[in-house]
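Shown next as structure tokens: one chain only, the form predicted on its own.
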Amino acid sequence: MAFANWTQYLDQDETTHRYPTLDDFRRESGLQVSYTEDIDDNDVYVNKIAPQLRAGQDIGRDIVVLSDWMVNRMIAQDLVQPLELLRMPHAPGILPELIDAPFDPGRAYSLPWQSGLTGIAYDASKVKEIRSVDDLWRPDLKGRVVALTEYRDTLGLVMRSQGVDPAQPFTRDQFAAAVDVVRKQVAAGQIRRLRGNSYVQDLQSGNALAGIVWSGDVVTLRAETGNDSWRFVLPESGGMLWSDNMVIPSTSTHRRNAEALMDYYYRPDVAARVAAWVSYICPVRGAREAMAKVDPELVDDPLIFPSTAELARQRVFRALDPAQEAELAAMWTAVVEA
């Protein structure tokens, strides 16, 4: 079977460049698994595979990891297979906050791979404290700010700073007001660029000193640059909560093998090993207790195991119907492609 994921999203041995938990699964199950880091942007990836799926063609992948809103679209278009949950004894271990996703109630088609927060990162050795989205527009940061092409992240944060809750119904004008903020900052040169997963490269190189980011990337940034001054903060107005989810493409011929692998990653001991490496919110109940044997220092890490109260402060961007999604995406695409 073949597993497609985002970059730096699975535990990896820095010397051998192999994936220890995946190697253990191969040994335990006797199944062969190829693993590729194919995904950098939801739209770009799905635009490549969707025509093949609609034509009933095998895309050569049996598990793909996509964000909440894209899974919503894939389910609506019958491009993924339902899960045989009775064959997945560990799957019920999902965190309660993630079970009843608006796009997949009861998780009949998807399981969260990792969850995370969208907030702000900045290099505290070079930038004074940042506490709000508006702080990113300070003159001292001109041309040194990055933001994400995923509008639910970037605009979700901006909307919250404007007092709009992206988890609830909002108007076109409210969405447009957030788009206008980003458009103006891009045009003024305040935002260096809007990027997918590769936005981290600008932070690693020092070309950017702050930005709207995904929480787990800050831990990777510290490790890869040797700079512990990178900070992740949730704006005073609040952050965004999201999940990337495992799904089985509609044309996969290895569904049960894929389900076995998905279920394996819901074992708390395995989930803890992955979480220790990727530093995103672990979606598996019991993983925090298992982390005590993996890396005791991470048991109380709020980026991996946030409190229930902290999670309650964040918002998940609401599910959109196809017409809404098309309208909002067109408004945002005009900014990204400008």
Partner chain sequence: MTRSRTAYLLVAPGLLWLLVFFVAPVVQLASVSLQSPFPGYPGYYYRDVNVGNYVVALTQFAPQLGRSLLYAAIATVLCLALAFPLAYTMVFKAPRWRGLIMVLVVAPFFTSFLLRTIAWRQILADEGPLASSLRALHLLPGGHLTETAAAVVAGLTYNFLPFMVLPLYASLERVDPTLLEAGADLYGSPWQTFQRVTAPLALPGVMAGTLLTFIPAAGDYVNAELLGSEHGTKMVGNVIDAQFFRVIGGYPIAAALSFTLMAIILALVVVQVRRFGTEHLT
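None of these values were measured; they are calculated from a predicted model. Numbering follows the first chain given and starts at 1. In this text, the rigid core denotes the largest set of C-alpha atoms whose superposition between the two forms falls within 1.5 Å.
There is also a form predicted together with its partner chain; it is not shown, and the following applies to it.
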Contact residue in the model of the complex, from I75, L221, V179, L194 (heavy atom within 4.5 Å of its partner chain): L194
None of P139, G189, G226, P105 but one has a heavy atom within 4.5 Å of its partner chain in the model of the complex; the exception is G189
Mind checking whether each of D43, R144 and D202 has a heavy atom within 4.5 Å of its partner chain in the model of the complex? yes
Partner contact for R54 in the model of the complex: its partner chain, 4.5 angstroms, heavy atom: yes
Can you check whether N207 is within 4.5 Å of its partner chain in the model of the complex, heavy atom basis? yes
Non-hydrogen atom contact D13 with its partner chain in the model of the complex at 4.5 angstroms: no
Quick one: does V336 come within 4.5 Å of its partner chain in the model of the complex, counting heavy atoms only? yes
Tell me the stretch among 181 to 189, 233 to 241, 107 to 115, 258 to 266 that has any heavy atom within 4.5 angstroms of its partner chain in the model of the complex. 181 to 189
Sequence order please: the residues of 302 to 332 with a heavy atom within 4.5 Å of its partner chain in the model of the complex. P322, A323, E325, A326
A176 C-alpha moves between this form and the one not shown by 2 Å or more, core aligned: no
Once the core is aligned, please say if the CA of N72 is shifted by at least 2 angstroms between this form and the one not shown. no
